[in-house]
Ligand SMILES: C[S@@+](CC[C@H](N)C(=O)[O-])C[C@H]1O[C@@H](n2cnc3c(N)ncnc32)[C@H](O)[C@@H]1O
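The data below hold one chain only, encoded as structure tokens and taken in the form predicted alone.
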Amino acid sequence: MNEAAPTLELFDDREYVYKKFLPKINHIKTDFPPINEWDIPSTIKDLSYLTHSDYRYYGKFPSVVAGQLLEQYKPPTSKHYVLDNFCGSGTTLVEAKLRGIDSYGLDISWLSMIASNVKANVISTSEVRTCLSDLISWFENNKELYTAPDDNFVQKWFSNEAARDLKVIQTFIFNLPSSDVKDFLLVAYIGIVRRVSKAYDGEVRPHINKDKKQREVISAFSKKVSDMCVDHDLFNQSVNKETKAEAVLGDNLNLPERFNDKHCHLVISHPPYLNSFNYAPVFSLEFYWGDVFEEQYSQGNKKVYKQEMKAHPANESITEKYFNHLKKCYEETYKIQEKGAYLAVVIGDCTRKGELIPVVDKTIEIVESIGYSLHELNYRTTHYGLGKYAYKHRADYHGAHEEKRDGIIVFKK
């Protein structure tokens, strides 16, 4: 438990790891507005450096997309900051912190909020390791006093032993006083729920895997905490603790008053992709075991995550509501930004019943109608077919429509 912390010498030539995997940019059209192709040939493992690997978030966008935007559109003064209004698991906040840029995130899910805050901030790993040791000892001495929750949901998704052990760890963490260490352990705990369940680890929406080998809960949890500590030891050495990085619980259709200060230089926005999935069902196992914590972290405003932006299925009603949501949330960002500030929307086209829905073009139309002007249009290419963090040809990510695009659209107020 007292192993030496790794050092930055693990990085080749002490090169900043977050700059090693930036997109390769090909300029397709150089006159205004420029059109570029961002190629991301790196593997998922490459892009999970430092704390990006702390929390598996389905639908997360590659860390280097946020990184490239932050490299290109740096705040003009120390008073300015970056806002991610669909912050997910805090990818933008981590990348901003690494560059010494103040950042804020907003999400309607309290799990996203807590995961983002843990990933993007300096936390004492020595205190975490000490608390983990206490937890393991308490677990071994008390586990026989507990039983698995007796409900159909638990019986469907978890073995009795796994459910009991999750309950024991949950109780220990719940009774800890509020602190960064508690938050850290909670993220690790939520992070192993899918692993110790009967569900496939890799599928987005939970499905029973009859052939899955069940993992011992306490060993899975201990390993997760230890792995996160290694990530944070390196992260802590890589950042300035004083750089702000804070995720808050909120609705991007009504931005908190705190952001109405005209200091938001850049909004990085990564909405759920139309016809992809809705997050509440995807994280149903995590929300179940996190339920006892929700009141504390949501200030009593429970279940707001169920009011999430719906992206699936892309029927006519949901598609219309989807684009209306985009319009309203970017009207909100327009209100808080000064002239000359930027909005970067990471979004992709989709298909419905075999027909293309040109989400990228529609988003440009919507955002320009608000008052922003198109500043730069980038198409993302990746290589998922090769097991890499990208699409085969200009985000032709299902291989059926060459015109299907994945865009990083930059607007200027």
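These numbers were taken from a predicted model, which means no experiment stands behind them. The term rigid core refers to the most C-alpha atoms you can superpose between the two forms while keeping them within 1.5 Å. Throughout, we count residues from 1 along the sequence that is shown.
The discussion below concerns the form predicted in complex with the named molecule, not included here.
K.L.:
Between N252, T125, N121, Q337, only one gets a heavy atom within 4.5 angstroms of the named molecule in the predicted bound form; which residue is that?
P.N.:
Filtering the options by heavy-atom distance leaves N252.
K.L.:
Which residue among I114, L106, L266, V154 has a heavy atom within 4.5 angstroms of the named molecule in the predicted bound form?
P.N.:
Exactly one listed residue reaches within 4.5 Å, namely L106.
K.L.:
Is there a heavy atom of F235 no more than 4.5 Å from a heavy atom of the named molecule in the predicted bound form?
P.N.:
Taking the distances in the predicted bound form, the answer for F235 is no, it never comes within 4.5 Å of the named molecule.
K.L.:
Is there a heavy atom of S89 lying 4.5 Å or less from a heavy atom of the named molecule in the predicted bound form?
P.N.:
Taking the distances in the predicted bound form, the answer for S89 is yes, it comes within 4.5 Å of the named molecule.
K.L.:
Given that the named molecule is not shown alongside this chain, does F61 nevertheless sit within 4.5 Å of it in the predicted bound form, heavy atom to heavy atom?
P.N.:
Within the cut-off, so yes.
K.L.:
Can you check whether P271 is within 4.5 Å of the named molecule in the predicted bound form, heavy atom basis?
P.N.:
Although the named molecule is absent here, P271 would touch it in the predicted bound form, with heavy atoms inside 4.5 Å.
K.L.:
What stretch, of 89 to 97, 216 to 224, 192 to 200, 313 to 321, brings heavy atoms to within 4.5 Å of the named molecule in the predicted bound form?
P.N.:
Of the options, only 89 to 97 has residues within 4.5 Å of the partner.
K.L.:
Please say whether, between the shown form and the other one, the C-alpha of Y279 moves by 2 Å or more once the core is aligned.
P.N.:
After core superposition, the displacement of the Y279 C-alpha between the shown form and the other one reaches the 2 Å mark, so yes.
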